[in-house]
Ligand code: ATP
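Only one chain is given next, in structure tokens, and it is the form predicted alone.
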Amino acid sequence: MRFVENFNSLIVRYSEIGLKSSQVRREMEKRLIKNLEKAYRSEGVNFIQVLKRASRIVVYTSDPKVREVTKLVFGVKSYSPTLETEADIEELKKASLSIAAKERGSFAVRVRRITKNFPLTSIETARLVGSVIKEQIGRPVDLTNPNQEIFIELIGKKAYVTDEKISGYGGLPVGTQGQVLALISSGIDSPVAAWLIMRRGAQVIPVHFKKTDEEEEGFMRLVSVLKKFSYGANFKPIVVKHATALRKYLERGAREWICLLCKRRMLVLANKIANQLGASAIVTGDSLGQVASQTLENLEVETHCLEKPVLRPLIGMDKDDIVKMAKKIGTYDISIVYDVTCPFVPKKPKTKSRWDKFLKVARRVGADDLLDACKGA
């Protein structure tokens, strides 16, 4: 921030939380404050207090590190390093002048009364503050395309003045939507799927089905990135051995079915782990039609009779969209290094299956454990 040496607080804004019922909103605000505090402590941000003021959260700090850390906390729509002052027109003029003096060119003053007890309207306040800046500094006003925007937010007896709004990732605070099991490989898609579910407030348990050592190393590096967004929740990865079972299926003549058997085994075991850990759903990085295991027919077979719902945040996204998001959240470069070709993929994998045919194949190759979910169904 250009006036970093002057700011004494950070004002945090949320969006979707404000649409909830009063009781749900209060709980989510508490969780957001808790997650912010945990994030600051984890990253060594010096702060005095985090508290709620009307529909805003105010962090009392002058530590520059607060900018980067706040962005990682889901539920934050935007935030600004600010000068907190009394809600008094003369104090507003002083604070605004100190900010305006550090820039050149045109400016505009934007005022928002979060609470309505300030005696002047937003337009009246903006005009009075703008007039002082114009007279004392000599900068021109441009309400359409200014070089600098000065924002004033009035909340009760306090006012917050800034010339910067930083976008957060929005969503809901982690820990407000229960716990899910996320299947994460070393590839591009699954970390993005896990991130999107975290952004919706779910606590993620990362699970990796190990086929090679290189893949596992990539998974652990991806987990370290995703963990940065998990403030307020446990984030302990689980690794499950997977290669031996796949080799057995191949040895017993199921080469064209190996992708289905592989995915079915992952989901059946994930369902059991979810039950053991009290997770409510399983998350995958499936994108419809992208690979053999993600055709509509095969997705149906893979999830047949499973108790836990399977959530697929990427199901309607194309690869370009997913890649852009992976770059945005910081997982893409790791995935590119570790996204090796699966050693078990056949030249002609089965793309259109039915449960009755899969049933016969699974029994033939000794994969009866993949059918347990359907007993008694």
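Throughout, we count residues from 1 along the sequence that is shown. Bear in mind that the values here come from a model prediction, so they are computed numbers and not experimental data.
In what follows, reference is made to the form predicted in complex with this ligand, a form of this protein that is not presented.
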query: This ligand: the contacting residue among 153, 164, 215, 84 in the predicted complex [heavy atom, 4.5 Å]; finding: 215
query: The single option of 176, 190, 96, 298 touching this ligand in the predicted complex, heavy atom within 4.5 Å; finding: 190
query: Any non-hydrogen atom of residue 249 within 4.5 angstroms of this ligand in the predicted complex; finding: no
query: Distance check, residue 202 to this ligand in the predicted complex, heavy atom within 4.5 Å; finding: no
query: Heavy atom of residue 198 within 4.5 Å of this ligand in the predicted complex; finding: no
query: Exercise: residue 74 in contact with this ligand in the predicted complex, heavy atom 4.5 Å; finding: no
query: Location of this ligand contact in the predicted complex, chosen stretch of 88 to 96, 206 to 214, 168 to 176, 106 to 114 [non-hydrogen atom, 4.5 Å]; finding: 206 to 214
query: Sequence-ordered list of residues in 248 to 266 near this ligand in the predicted complex, where near means a heavy atom within 4.5 Å; finding: 263, 266
